[in-house]
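Listed next as structure tokens is one chain, alone, in the form predicted alone.
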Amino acid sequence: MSLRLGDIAPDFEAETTEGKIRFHDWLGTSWGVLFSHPKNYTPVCTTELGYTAKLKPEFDKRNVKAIGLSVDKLEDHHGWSKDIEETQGTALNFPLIADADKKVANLYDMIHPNASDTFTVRSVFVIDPNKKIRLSLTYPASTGRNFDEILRVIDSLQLTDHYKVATPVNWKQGEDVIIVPAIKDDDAKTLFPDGWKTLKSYLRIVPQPKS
């Protein structure tokens, strides 16, 4: 059965480039981004891993841990890591799971037989500190992921977890947000004392709340 938003992310033990981990313990109180790669030594994956390594300061600011997965052996990961550093200009600075038996890939339904019955598709899972899946994305193997978009979604999730707002189309950190329809105007006056702009009764625009 496919995992759905709100499900508890399956726990697992695995060997990684940073040692053996139990996933839930490794996450601790952090958010997590778990993403899979069809195979080691593939060009698109190499660029993705390099870019994710460059994003570490941004992940750290948001209390996010990144972890990759590839259905290859651990010794192959170490050689690939050298290629990533050489070609992308950044060393791998997060764990890469060795999933040669496809245990984790199957647990997270990362193998789609109609695409390939051998390799994973480009799956992404954003997991919150309660171990709930908050985002899942599936890309075809030929298309590199947009990790700036993944950061944008994490910003939205973290904001909307703390305030009764939603984020509109193409929203970015610092831009106006929407008061959720469930909040009546009388209650909104308390939550948003500086006021808001009403476009429709169900569409009220307010500056992003400050933490």
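Residue numbers here begin at 1 and follow the sequence given. Not measured: the values here are computed from a predicted model.
Same protein, other form: the form predicted in complex with benzoic acid (BEZ), not shown, and the subject of what follows.
Participant: Taking a heavy atom within 4.5 Å as contact, would all three of 38, 42 and 122 count as contacting benzoic acid (BEZ) in the predicted complex?
Facilitator: Yes, the whole candidate spot contacts benzoic acid (BEZ).
Participant: Tell me, please, which stretch of 153-161, 166-174, 61-69, 44-52 lies within 4.5 angstroms of benzoic acid (BEZ) in the predicted complex when heavy atoms are compared?
Facilitator: That would be stretch 44-52.
Participant: I'd like to check something about residue 141: if you look in the predicted complex, is any of its heavy atoms closer than or equal to 4.5 Å to a heavy atom of benzoic acid (BEZ)?
Facilitator: Contact check for residue 141: yes, within 4.5 Å of benzoic acid (BEZ) in the predicted complex.
Participant: Judged by heavy atom distances of 4.5 Å or less, which residues of 181-209 approach benzoic acid (BEZ) in the predicted complex?
Facilitator: Sequence-ordered list is empty.
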